[in-house]
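In the structure tokens that follow, a single protein chain appears in two forms: structure 1, then structure 2.
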Structure 1
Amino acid sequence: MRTRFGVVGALALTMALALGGCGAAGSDDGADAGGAPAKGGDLTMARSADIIAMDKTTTFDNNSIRVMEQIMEPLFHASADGTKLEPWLATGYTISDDQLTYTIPLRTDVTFSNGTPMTAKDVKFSIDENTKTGAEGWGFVNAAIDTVTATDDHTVTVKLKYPWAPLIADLSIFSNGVVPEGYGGKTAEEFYTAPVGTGPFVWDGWKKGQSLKLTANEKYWQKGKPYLSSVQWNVVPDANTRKLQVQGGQIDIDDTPDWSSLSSLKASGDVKAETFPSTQIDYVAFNQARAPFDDVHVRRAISYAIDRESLVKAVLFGNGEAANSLLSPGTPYYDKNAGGATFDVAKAKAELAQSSKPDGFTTTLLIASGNPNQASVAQIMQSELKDIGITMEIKQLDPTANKQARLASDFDMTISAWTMDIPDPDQWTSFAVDPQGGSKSAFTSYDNPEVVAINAQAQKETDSAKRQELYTQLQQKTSEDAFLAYLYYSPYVYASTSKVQGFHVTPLGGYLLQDVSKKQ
């Protein structure tokens, strides 16, 4: 038996709690320099769209997920830098020698916001609930789980069908967040209109299309938290209006300011624009079901022809970095020497000369209309590809039609992006390289049996040094195959007034609002 976290983890957590940190914001942790965080205050955030629903097992949009995460908490949590897992409602875990049984002890001091203590039965119910959603929901993340048993009041045993390294990461996803057993006597539908969890905030009310409000959970297990009395998300679709609202002090945080507005936001004294490392990777996908993209030399030629540094400057206004691997730096097992193509016109021309289309060809790039970033990338790429003899037309479809075209493999090349939901590369690699992953390898029809085998091996390998080796190989092979042309890693950006303290976003895009306070 190998022990993870266990006593040491619990001790570390207690210490972190005592210090008022709990792994969120590092040095800038809810407090003014030298002072305790202010208690009370209402935080208002503006973002472009409303939530869709609160059912954590079947809702896929990030706006809903960010709200759920304040109400319902999982057993484990990604660390502030997104690369490690920390115990949360669990205190640690042990794995049996055959790698098939995980024993997970739970904290004993946790109650739901309605006052009922949280027990192993609630945890079992919550994981089973998620597993059952199957094809329509997030059930696929629990595919390796055979059974979950409440061994005693505060221990859960998870038995697996096969060895599965990402299990703890899977248990840290919001869809495995803990809710009361049997929804506390309600139907699922009733329950999720006003969900109850162990999180720092409690459901208050939702004015559809307008705003959503949560209030502080007085019974929260992290004593002294949350600092805020309430949190409200306003729906403000227009980016310019959001910017003006944060400048006018009407809201505290603007959740997605435009890249182009960052310098003017930074210049206005009362507002700060902060960037946080993300797991986002923006890329060009080649449709290998269509000629000439089944030819690796064509794909490599295009990859070499793209000047990523200038994309970062033109599109992200310098915020971000050129991408060089299938994985992003915020993802565990990222290897910065993965060998992704860098800008080199001579190499691009040499690759094209070796290809089935030595004299160039005409092709299309599919982008989402109304997305200024994709439009800029497309225009820059158009002129760069012209230099090596490829004529590229830009085809714009609105976001939903764009998704439809990708799903139907109806494109030559397309621009897309990915962000992680769990701190484990498997979620993305299985989607991206495994033709059986449900998406024809991120809609590219890429199929390299060697890479598929490495991915499957990494899923079973629980030794992190060996996993690193496997994922390094996977990153190198996928770079050689150039089935995607990696573009850039862009950070998350948030604009907030100087009153907001301790706001931190993990590379997975989540934020812990129990650590946030507001200067009065």
Structure 2
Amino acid sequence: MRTRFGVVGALALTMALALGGCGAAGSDDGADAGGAPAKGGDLTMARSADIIAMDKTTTFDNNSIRVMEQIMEPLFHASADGTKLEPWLATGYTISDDQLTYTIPLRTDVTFSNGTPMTAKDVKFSIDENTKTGAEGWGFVNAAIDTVTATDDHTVTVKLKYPWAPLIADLSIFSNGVVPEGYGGKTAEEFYTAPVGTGPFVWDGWKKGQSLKLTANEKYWQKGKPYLSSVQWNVVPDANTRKLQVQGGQIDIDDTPDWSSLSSLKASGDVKAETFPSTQIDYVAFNQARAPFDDVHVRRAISYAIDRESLVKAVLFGNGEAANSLLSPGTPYYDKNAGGATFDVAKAKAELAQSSKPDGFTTTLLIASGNPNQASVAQIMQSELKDIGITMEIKQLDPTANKQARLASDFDMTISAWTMDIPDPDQWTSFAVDPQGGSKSAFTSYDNPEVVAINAQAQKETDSAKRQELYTQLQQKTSEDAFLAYLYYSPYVYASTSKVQGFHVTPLGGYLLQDVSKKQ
């Protein structure tokens, strides 16, 4: 057996086997003026859309995921800067010389919020339940797993079908978070109406379309945490209303204020507006199950017609950069020379002339109502597509209905975005290009067997240089296929009142609320 302390697959992700203060992936800077974080307090966040569901194995929605992550925890966790993987419910791992067997020791001081000790049987059950969902859920991330065995109460053995570079990264994803064996005697449906985990917060209640509340887990294994008594997410679809609420102190954090308000928020004395490095890519998705988007020339025409530099200026107010690849610069193996379309009206017209719709056509772009960023992109695109003979109508749905329509592939074109959940490209590339990757290729029905094969090869390749070659090929071919029209890369943006301390967003989009405190 070889002990692996510093390598996750071929990514050379540093692993710290000692968690120190039991909060290695977060920070302890939520201190008040006296040096210690304030204990107690109720944190209220506002965001545009509600959660979809709490089943971590089948839910593809960031708003839901951010809540899950406070309740159910994985074996490993990304560091605050998103570049390293650190032990969380695990204490480390060893890997056999043939790279097929991983032995993972667990912490011995962890209980679920109901007081039941966490054991290897719970871990086995949780991973197996995720794997079972296959292409219908997040099970695709566990595709290489052959068996998971509870070797003893505090050791798990994972055997693989073949070497799999991103395994430890995959075990850090929320969908492999640990829940009680057998769902604590409930059905999965019953369990996920009020999920139980080892995390810092406990399910309290959900008023659909209005708010969701969690309360502090008094049995949390990180001693002294969480600092907060409760966390509540309010659904406030309108960006300007959220801005006024954070300025007026009715909420503590505004999740993703629109870029046009960033400067005025920064000028507010009691509000801190921050941007955080991200792995986010915003894009237009084409539904290839609907003509004419099954025609690559149509997709290329639209991609060439979009002036991304203008979008960065007009929509992001300069806070970002034009996207040119399926991967973002913050994602391992990103290639800046991937060949993504750049603004070229002549090429756009030439592609449309070669297409099944040489004289143009009428189509619809789905966006979320109350979202100034998407509205601005849509209006600019509407004008740009008109210039090449395409009439684009804008369809707005409230943010929650918009998400449901996207998940159901009920659109011609739609604006969407992706953020990484693990520091390995496989999660996104499998989700985006593999029809068996849980989402019918990011809900587009894109299917290029050559690209699927490259992605599968990259999953199994453990040599970093060879993985780079494969992911470069993948980025080039997906750019040629134009199954998405890449828009821009942007940082995450949040606005909070001066009372909020220790709030940090990782490049993977997550935040650890056990590290957050609120001045009383």
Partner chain sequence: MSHRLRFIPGRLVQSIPVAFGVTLIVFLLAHLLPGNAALALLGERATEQSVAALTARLGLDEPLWRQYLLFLGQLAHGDLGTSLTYQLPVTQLVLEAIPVTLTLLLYALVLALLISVPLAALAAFRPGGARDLGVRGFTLVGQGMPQFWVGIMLILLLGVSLRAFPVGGYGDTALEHLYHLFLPAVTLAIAMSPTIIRSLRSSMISVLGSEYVGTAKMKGASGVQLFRGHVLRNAAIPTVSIIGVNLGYLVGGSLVIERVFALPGLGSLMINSIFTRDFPTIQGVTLFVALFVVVVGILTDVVYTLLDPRVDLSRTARA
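Every residue number counts along structure 1's sequence, beginning with 1. Definition used throughout: the rigid core is the maximal C-alpha set that superposes within 1.5 Å between two forms. Model, not experiment: these values are computed from the prediction.
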| query | finding |
| --- | --- |
| Index of the chain form predicted together with the partner chain, chosen from the pair | 1 |
| Option at the hinge, rigid-body rotation between structure 1 and structure 2, list S490, T414, V179, P74 | S490 |
| Smaller rigid segment rotation relative to the larger between structure 1 and structure 2 [°] | 30 |
| Per-residue C-alpha deviation between structure 1 and structure 2 [F443; rigid core superposition; Å] | 9.7 |
| Value in Å for the CA shift of N319 between structure 1 and structure 2, taken after the core is superposed | 2.4 |
